[in-house]
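Let's start with one chain on its own, the form predicted on its own, as structure tokens.
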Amino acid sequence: MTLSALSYNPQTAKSFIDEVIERSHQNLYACYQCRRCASGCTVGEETGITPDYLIRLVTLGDRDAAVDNALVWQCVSCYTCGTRCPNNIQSGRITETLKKMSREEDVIPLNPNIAYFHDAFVQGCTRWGRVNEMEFMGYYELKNIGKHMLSFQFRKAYEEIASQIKLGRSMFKQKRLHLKLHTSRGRKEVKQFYKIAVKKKASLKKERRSQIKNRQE
């Protein structure tokens, strides 16, 4: 795997790494690039970027590359990286932090389908306290199909609908598709937490836009 050369940006490096450390609660300064995390990363080969490289992007102040890459969205949070790290750095928490930052800055993911998947999961949990398969997949597919329709890719939209109908039939026959609606206690509390998080996100997004504007000026 060949990666491009990195450049150091002293003007933004310190503030950026401190922000990531504060939000992820991981001491990135303790990383000495032994690459033990890279050898165990389950998605590194597919994404073309490994946890050690991502940490390096943060420490060098390359904010754009750090929040806009495949690993941030495709990390499965298996925590193999943290288990292997001699300094107990959990890179999964770093990718989660960078993912939040990318949403705050309205960065379009390299693979929008993954973002749709995350949104569908959060919406389902917030509404019912747990995920219901039919609602979860229905919301996800509507977003996915809508993307094709808005870009006038009607054939792709049709193929997506056809493939999901075929998959749904197969899962239903094997009793792997559950139609029953499941709920859990404490849904009101979950919704309240979500509302607080949304307000905080809006505030952070406003602050981030102001910072980006100042950097551009």
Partner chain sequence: MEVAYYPGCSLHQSSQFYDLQTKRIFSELGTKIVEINDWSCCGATSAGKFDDFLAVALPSRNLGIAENAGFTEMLIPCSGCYSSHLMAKTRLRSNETLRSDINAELAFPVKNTIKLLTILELLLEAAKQGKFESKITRQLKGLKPASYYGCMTRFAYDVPVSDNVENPQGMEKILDMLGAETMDWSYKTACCGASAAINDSETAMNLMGKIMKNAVHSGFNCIVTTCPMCQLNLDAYQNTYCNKFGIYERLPVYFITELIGVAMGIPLEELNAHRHFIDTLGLVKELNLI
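Keep in mind that this is a model prediction, so the values were computed, not measured. Residue numbers count along the first chain shown, from 1.
One more form of this protein should be noted, the form predicted in complex with the partner chain, which is absent from this view; the next part is about it.
Which of 48-56, 27-35, 167-175, 61-69 sits within 4.5 Å of the partner chain in the model of the complex, heavy atom basis: That would be stretch 167-175.
Joint contact, 82, 118 and 131 to the partner chain in the model of the complex, by non-hydrogen atom at 4.5 Å: Every residue of the spot touches the partner chain in the model of the complex.
Touches the partner chain in the model of the complex: residue 189 (any heavy atom, 4.5 Å): Although the partner chain is absent here, residue 189 would touch it in the model of the complex, with heavy atoms inside 4.5 Å.
Residue 96 within 4.5 Å of the partner chain in the model of the complex, heavy atoms: Yes, residue 96 sits close enough to the partner chain in the model of the complex that at least one of its heavy atoms falls within 4.5 Å.
Interface membership of residue 76, the partner chain in the model of the complex, 4.5 Å heavy atom rule: Residue 76: yes, in contact with the partner chain in the model of the complex.
Distance check, residue 206 to the partner chain in the model of the complex, heavy atom within 4.5 Å: The answer is no: residue 206 has no heavy atom within 4.5 Å of the partner chain.
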